[in-house]
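In the block that follows, a single chain appears as structure tokens, in the form predicted alone.
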Amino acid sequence: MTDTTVLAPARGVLDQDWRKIVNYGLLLALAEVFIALANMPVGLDDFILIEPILSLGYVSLLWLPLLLGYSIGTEKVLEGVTSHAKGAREVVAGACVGLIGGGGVSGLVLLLDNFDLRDPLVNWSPQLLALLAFDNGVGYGVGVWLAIGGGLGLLGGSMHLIAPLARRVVSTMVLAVVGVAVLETILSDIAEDLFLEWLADWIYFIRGGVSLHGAATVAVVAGAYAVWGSKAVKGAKASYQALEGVERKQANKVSIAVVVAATILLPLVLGKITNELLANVGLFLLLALGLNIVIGLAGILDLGYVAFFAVGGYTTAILTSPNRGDSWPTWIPQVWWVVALMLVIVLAGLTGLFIGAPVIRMRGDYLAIVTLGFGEIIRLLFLSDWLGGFTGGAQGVTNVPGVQVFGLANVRGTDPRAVFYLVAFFCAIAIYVSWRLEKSRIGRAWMAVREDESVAEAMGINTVNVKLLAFVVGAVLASFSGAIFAAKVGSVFPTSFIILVSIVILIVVIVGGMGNIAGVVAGSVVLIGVLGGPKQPGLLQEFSEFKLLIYGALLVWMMLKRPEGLIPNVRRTRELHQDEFLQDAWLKGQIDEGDETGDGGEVAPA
């Protein structure tokens, strides 16, 4: 099918959608003021990106005018619909948006200088005023922010005028320099373990931040990759996707072998910081794989998923630790972690049935609220005096031993590499089980229930049993993570299993791609690896104070722009974008004008 999009001449400079420009500008101004009052500029100002000219605090305000200046000139191109060439119109629109946004920051500078609103706004401070005024007076700050906003907006709009290759090179160079600067701690740790301290000394300034010659080096390497490397990567990806049959299976086996080899070999050359980070990613990946079955495949919105995580952690701690509660029967011996894991699986499955049975006939918001309540009930039970004699109450269970591996090694938190290997082993099991279940009869039943439970029931699917099974499988996978967590940390407390854990895991599944194992892995690496968990640090430790704010903003953006996730499931994408598929099919003449479902139209030959 050939592309029938028509390209018309560029429109005039004054032929603008002024309402759209004002809306974008006001949105930019509001976002800039919100970021400033959230204390990001002041809180991140000590983190130097490029020595001595740029800090992360200023970058938190500078990226938005550039982005929205580019976005205002972007138009959605539908096949068969007239599209206009880019010209000075987009540049002017970007400059106007940036100027309005800069006006918002300038207005904040004037307000900071003339009013004291620290009572309702705790971050309304002289430090923020000094930073926004560049320590040079209010008038100077107002003028500079107007110039910065207009200039960055103009630069964003101008990106439409350059060739796609040049645009890709520039964006890759900028992102590479910022990424290398932000990831200084982890990259320096890796360089030290690989005996590349000389490279780290060349790139980074001695007191932190990328040096000017280091930034130039990174930019040149990133630009070369954008010109030559990215094309090779895209070609390899296209060749892989074109494979079918036996060749595709062989390529999959090679890919799996490469991943396994990397999983085994990379931790040997990585430092403790990196291995600790990877272990945390693996723990949340286990949780996300279980929730992906419950939400991504079966379509059951479970907001109390942390309950299964708590059951696994507490059961393991109580059975393996000598510091049990006073009411714990003395005739029950202290057991090894592997033996405790057997009972963990049983109790997790029973907990899944216990929580799932009362709510299994509920749908939508009612189901979400009830599961949220059950999650809090489980946490409060572990905290209560009623079970305090068994669980330790607020004191929790301490002195939890590590994992005995055939009597040869004791895996505990002091050895992050060993913990990572243990987590990777259980992640491999969870991925394999999830993959086989998804391709099985029960997996197809889950997806049928997710798409339309009433139709699935009419087709003969026992929806009660199917949904209960999803709860049980998800509970067992979450209990694995809880069992490893207890051995890794050496103690468990009720505060380790707050409702925020369930929310973060849900965000991981949504952002990665519901119903897709690869998407869940990507979501875990991107969110937990970069930002960290509720109490676990990530690569960007500087953002720990703003972690939840970034999570919320990212979730809103994903829901609006890419609800299918980073690596979407094909079936899920079709469900979420059914209207768009029908519109494209109608434009291509693949369905009749009166056919609204897309099922009854005749498909035109390609």
Partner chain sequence: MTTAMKAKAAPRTGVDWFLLLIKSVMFFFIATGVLLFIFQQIDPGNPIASRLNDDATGLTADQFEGLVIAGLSQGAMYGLIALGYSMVYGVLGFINFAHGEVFMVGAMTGMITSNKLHEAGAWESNFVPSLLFIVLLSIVVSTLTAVVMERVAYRPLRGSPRLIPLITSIGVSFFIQNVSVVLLGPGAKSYPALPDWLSKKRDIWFISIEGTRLLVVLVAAVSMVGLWYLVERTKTGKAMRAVAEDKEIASLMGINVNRIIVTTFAVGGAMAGVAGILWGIMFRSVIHTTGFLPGIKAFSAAVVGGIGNLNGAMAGGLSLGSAEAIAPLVILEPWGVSGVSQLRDAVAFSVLILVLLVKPTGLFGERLSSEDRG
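Predicted, not measured: the structure shown is a model, and the values here were computed from it. Positions refer to the first chain, counted from 1.
Below, we turn to the form predicted together with its partner chain, even though it does not appear here.
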item	value
In the predicted complex, the one of Asp193, Glu376, Asp415, Asp113 near its partner chain [non-hydrogen atom within 4.5 angstroms]	Glu376
Heavy atom within 4.5 Å of its partner chain in the predicted complex - the one residue of Ala522, Ala200, Ala368, Ala251 that qualifies	Ala368
Stretch in contact, per heavy atom within 4.5 angstroms of its partner chain in the predicted complex, of 157-165, 500-508, 225-233, 130-138	500-508
All of Ala215, Phe425 and Glu542 within 4.5 Å of its partner chain in the predicted complex, heavy atom check	no
Pro52: touches its partner chain in the predicted complex, heavy atom cutoff 4.5 angstroms	no
4.5 angstroms heavy atom contact with its partner chain in the predicted complex for Gly299	yes
Contact test in the predicted complex: Lys237 vs its partner chain, heavy atoms, 4.5 Å	no
Its partner chain contact at Lys272 in the predicted complex, heavy atom, 4.5 Å	no
Heavy atom within 4.5 Å of its partner chain in the predicted complex - qualifying residues of 177-195	none
